[in-house]
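One chain follows as structure tokens, the form predicted alone.
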Amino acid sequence: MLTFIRSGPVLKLEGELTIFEAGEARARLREELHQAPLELDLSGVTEVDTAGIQVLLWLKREGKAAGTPVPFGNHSPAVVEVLDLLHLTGAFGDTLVIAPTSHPS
């Protein structure tokens, strides 16, 4: 299940962004794109697959085409992991902040 929480220009996604939520996510994000400015907070995304990544790529492209770029921020570890796996960390043009991991001493 995916939840959308709007606070000013920031839209926070919480939950899974997979093939099961991709259609709903795309429809909702299409509506939100018309309420620019829009910033996407990905800190609450717990799981993402290639369908979810396609939605994010689509949103980037649509925002740019409409002249209202959509920055993504606060990428969750799940999002960073998939972007890294797919070698897409630089494709979105957003700054990724990777939290330090604790290493056993």
Partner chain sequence: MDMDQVKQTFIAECRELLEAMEEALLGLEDQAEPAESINAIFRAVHTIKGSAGLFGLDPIVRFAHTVESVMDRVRGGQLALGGELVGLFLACHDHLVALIQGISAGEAEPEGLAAEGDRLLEALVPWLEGSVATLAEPVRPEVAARPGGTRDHWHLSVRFAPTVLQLGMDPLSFVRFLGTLGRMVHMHAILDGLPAGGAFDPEQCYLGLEMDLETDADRKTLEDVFEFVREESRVRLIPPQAKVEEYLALIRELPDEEHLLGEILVAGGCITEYDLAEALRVQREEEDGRKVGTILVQDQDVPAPVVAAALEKQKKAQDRQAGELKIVKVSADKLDKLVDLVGELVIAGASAQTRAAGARDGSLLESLTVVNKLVEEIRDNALSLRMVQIGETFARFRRVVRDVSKELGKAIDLEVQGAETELDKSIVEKLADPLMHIVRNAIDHGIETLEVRRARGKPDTGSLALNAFHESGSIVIEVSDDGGGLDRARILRKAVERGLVQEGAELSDAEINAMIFEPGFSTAAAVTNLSGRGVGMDVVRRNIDELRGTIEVESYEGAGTTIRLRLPLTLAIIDGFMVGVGDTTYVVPLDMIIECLDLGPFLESEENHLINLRGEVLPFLRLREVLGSPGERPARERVVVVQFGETRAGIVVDRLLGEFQTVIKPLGSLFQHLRGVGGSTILGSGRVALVLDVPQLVQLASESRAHPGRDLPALSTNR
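Residue numbers count along the first chain shown, from 1. This structure is a prediction, so every number in the text was calculated from the model and none was measured.
What follows is about the form predicted together with its partner chain, which we do not show.
Contact here is defined as any heavy atom lying within 4.5 Å of its partner chain in the model of the complex, and by that definition each of Ala22, Ala51 and Arg61 is a contact residue. Its partner chain is not drawn, but in the model of the complex it has a heavy atom within 4.5 Å of Glu81.
Its partner chain in the model of the complex comes within 4.5 Å of no heavy atom belonging to Leu33. Within this chain, Val10 is remote from the site of its partner chain in the model of the complex, having no heavy atom within 4.5 Å. Under a 4.5 angstroms non-hydrogen atom cutoff, its partner chain in the model of the complex lacks Leu38 among its neighbouring residues.
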